[in-house]
Ligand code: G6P
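Shown next as structure tokens: one chain only, the form predicted alone.
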Amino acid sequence: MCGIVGYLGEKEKKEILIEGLGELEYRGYDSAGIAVMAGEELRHFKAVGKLENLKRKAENFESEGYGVAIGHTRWATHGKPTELNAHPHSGAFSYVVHNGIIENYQQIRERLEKEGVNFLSQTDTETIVHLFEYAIKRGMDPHEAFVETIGELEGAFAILLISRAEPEKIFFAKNGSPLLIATDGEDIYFASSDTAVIGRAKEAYYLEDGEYGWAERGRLAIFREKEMVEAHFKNLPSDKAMARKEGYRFFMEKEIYEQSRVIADTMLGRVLDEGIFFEELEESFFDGIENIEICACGTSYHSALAASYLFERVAKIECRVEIASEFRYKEPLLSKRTLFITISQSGETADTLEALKMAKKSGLKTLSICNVDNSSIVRLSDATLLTRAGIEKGVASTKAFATQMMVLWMLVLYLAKRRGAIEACRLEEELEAMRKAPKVLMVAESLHQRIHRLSKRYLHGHGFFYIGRDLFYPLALEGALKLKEISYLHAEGYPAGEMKHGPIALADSELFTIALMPSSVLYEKMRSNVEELSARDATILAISPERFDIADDFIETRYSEHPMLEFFEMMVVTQLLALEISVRLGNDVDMPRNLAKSVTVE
């Protein structure tokens, strides 16, 4: 969450900062600000709410000639979303922006306050700039002061700092929160994601944890443990089209429609006639592995839970799934015969990253499934399978979930063949079904129109139950999550067989039940569960290839020959339903309240 942009060069700095921050809006934010230093002039602007508010505040400001500049979009962690708490934070002669959390900020603040330092905000970030200036006042030069400052910080941080003490430099540091340095061959850019610099810079260096340094005209100095580090830059893509709405009302809508194409990208070069091939995995990678542990959060947890059915049913390997934020504190018993898999869209999810560090410390072999190359989780894992979903700007994940499920399905088949757990004819059937997935994910205009018409009936009531069985239970969890994320209506995902163990007490005409009823998995059991709810007068929306006469509403699906094809088709239906309900309610579908795209704090 939050976004950082920095620039050092001759170009108009305000424009570069605000444009870059605009490209990071998808990460979620509640305030924004910039600070620009050109010559002796040091100016800053901050605003609560959308970037348009910041633009208006700075509309008459221009910065000519060589200078340095930093900008930030903030999502509140310490202190409410106010201008005082917005970044950049200032000292007497310096400004700082920061992503992450400084865990020992309270102790630092108390110590500095005893020395007469006045704090203006409630944030942990402000301690950074005051530590830096306090070190300078004690006689250190700016470089020494910056090194001492970051040495005192505990927690996660990506930092950019500018100061009149060194007016032509940007100081930077990275530990546990993403930060990159990019260049167009002349000027230098900084960002928390390459999205912010695509189209301006040609190549980028992704800082590793513990790296810090400073940039000035014609020179970039990067250090790790006080030793100079050589930066190996990688080419950046030049096309920004993936990050545009391309005529759709919302990025989320565009991304739902993109799922067919990105699934094909996910499969490219991996789904072969004779089985699954992963160029990223050595043949010996699974040697000695007897079971699997998957750790993830949110939508990624739901993909893991669904995949656990497939790992055990198809690959015949024990699979346990944990919510990363719970796993971290349960003192888990870990075996070196376990393959530890982490799933994260951004690769920066704080709880998942910390769980991965625990597994690494315990000597487990680790595999990440991720959408972002060069992210923290990818760099830390022994091996990675990229989902290839492309940039996903909608905060409520759609195509990232779809591609995670495809990678996991492929991994199941890869392991099943390697372990001799699947017969050749069954593998051929699985691969044939897999090849149909892109077609299944194509959104029919008639389906979208039907869901749009149905959505007007589901704007009120006291809640939603999404119910399913087997791997459609995790899909019910994901469907409920999509709805609650963007509509703000109460929704729960539930295993259908558990309704009689308490939840059915809620059933009445104002309880909306979204029933996932695949014909390929436990259809009769599911039908019986839905009939129990209907008998209590619950309003039923059935999603199934089998017509269900007692349903109040019915969406007919087309593919029933394989559970995963039914899974993907019903996934699209639940995504569109959440979208259309939320649009009717007048919500900002792409940036729902209180949420961020990349959760880099626990």
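Computed from a predicted structure; not experimentally measured. A residue's number is simply how far along the shown sequence it sits, counting from 1.
The form predicted in complex with 6-O-phosphono-alpha-D-glucopyranose is left out here; the points below concern that form.
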Does 6-O-phosphono-alpha-D-glucopyranose come within 4.5 Å of any heavy atom of residue 125 in the predicted complex?
-> no
Examine residue 300 and determine whether its closest non-hydrogen atom to 6-O-phosphono-alpha-D-glucopyranose in the predicted complex is within 4.5 angstroms.
-> yes
Do residue 267 and 6-O-phosphono-alpha-D-glucopyranose come within 4.5 Å of each other in the predicted complex, heavy atoms counted?
-> no
Though only this chain appears here, would residue 201 touch 6-O-phosphono-alpha-D-glucopyranose in the predicted complex if you measure heavy atom gaps against 4.5 Å?
-> no
Heavy atom within 4.5 Å of 6-O-phosphono-alpha-D-glucopyranose in the predicted complex: which of 346, 338, 368, 193?
-> 346
Go through 166, 430, 293, 485 and name the one with a heavy atom inside 4.5 Å of 6-O-phosphono-alpha-D-glucopyranose in the predicted complex.
-> 485
Thinking of 6-O-phosphono-alpha-D-glucopyranose in the predicted complex, which stretch from 338-346, 435-443, 133-141, 259-267 has heavy atoms inside 4.5 Å of it?
-> 338-346
